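Let us start with two forms of the same protein chain, each given on its own as structure tokens and named structure 1 and structure 2.
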Structure 1
């Protein structure tokens, strides 16, 4: 019995299967609710995986190690975002340069407002630096947090949270703001909620998905470029 439990803790099979089952349950729930915004497969999967790993006494590091088989595909999937963009490339005409400017402004607003809000509510200097890169995709967020002197793992967690927030509430907030243009909607979701927001809108509309992927990529690029200047401004001037 304890041999079986040891196997369950150390083999990749139970953890990969658990993750897959959680995700599939999430997909069923999404489809059963007619695509309810709260029924994001990734959220349901976390709610399934977290208690089971706790019950089996598998800590997060060990879990991550067992499911590296799945995490590996995140890289190729990010590259694959070029495909919906290619399909929608005719919608890019005359939009490229303004889009670069818009996403740059968005990146600066995300970083500045994140830092200043934490500061205004009494958060520590380290917490402000940890919050700064949260709108970028996880690997960028980790790297920028490290170079800023934040807590990289916490930045990654905030990044994931803001992604889930975008998947759940992004489209509704855009509708509330009366933004109907699907390019603008996609670009905005990708700019603040990276891959997780992109994954949701890609499921619902290819134009929005394509521009979300682009928004995510450009935000990663431009935030990295702007961060040294923003950090200087926010942490030495203000």
Structure 2
């Protein structure tokens, strides 16, 4: 029995299978509930994977190493988001400059508000640096957190949490605020909840999904470019 547990802890096979099964269950639940906001495949996968890894005493870094095969395919999957965007390229006319401006402002607001919120609540300097890159994709969040002196694993967890909350509540909130333009809705979801939100809206509307993928990529890029100046301002001048 102990040999089996050791194999489950150290071999990548159980973790990869566990992750795939969790995500598949999430897809089945989403389809069975007619796309209910709470029935997000990522949420279900987390609820399946987290207790099992905790029971097996597998920490986040070890789990990430075990599922590196799946992580590798996130790159091609992200690049593939260019396909629906190419189909909607005509919708970019007259929209490029306003889009770049608002995404840049949104990235700056995301970083600044996250840092100042932690500071206002009495959080440490390290926690503030950890919170800063929360709206980028998980790989970018890990890299930025490490460069800022934060806690990369916690940044990744915060990034995933933000993505889940955005995917669940984002579309309903935009509808409540009477945001009708599919391009604007997609950019908002992708910029805030990155890949998790993009996966949801792409399943529901191709235009929203295409612009969500664009918003996700632009937010990661612009946050990375703006982060040195924002870090200097937030941690040196303020």
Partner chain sequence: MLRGIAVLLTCQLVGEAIVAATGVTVPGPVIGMLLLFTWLQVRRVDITAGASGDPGLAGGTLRAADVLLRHMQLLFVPPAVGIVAYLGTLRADALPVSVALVGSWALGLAVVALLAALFDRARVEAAGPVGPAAGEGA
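Throughout, rigid core stands for the largest set of C-alpha atoms superposing within 1.5 Å between the two forms. Since the model is a prediction, treat every value here as computed from it, not as a measurement. Positions refer to the first chain, counted from 1.
Q | Label of the structure corresponding to the form predicted in complex with its partner chain | A | It is the first structure (the form predicted in complex with its partner chain) rather than the second.
Q) Rigid parts compared between the two structures: residue 180 grouped with residue 105? A) Yes, the superpositions place residue 180 and residue 105 in one part.
**Q.** Domain reorientation between the two structures, expressed as the smaller rigid part's turn in degrees
**A.** From C-alpha superpositions, the smaller part turns by 10 degrees.
Q: Quick one: how many Å does the C-alpha of residue 18 shift between the two structures once the rigid core is superposed?
A: Comparing the two forms, residue 18 shifts 3.4 Å at C-alpha.
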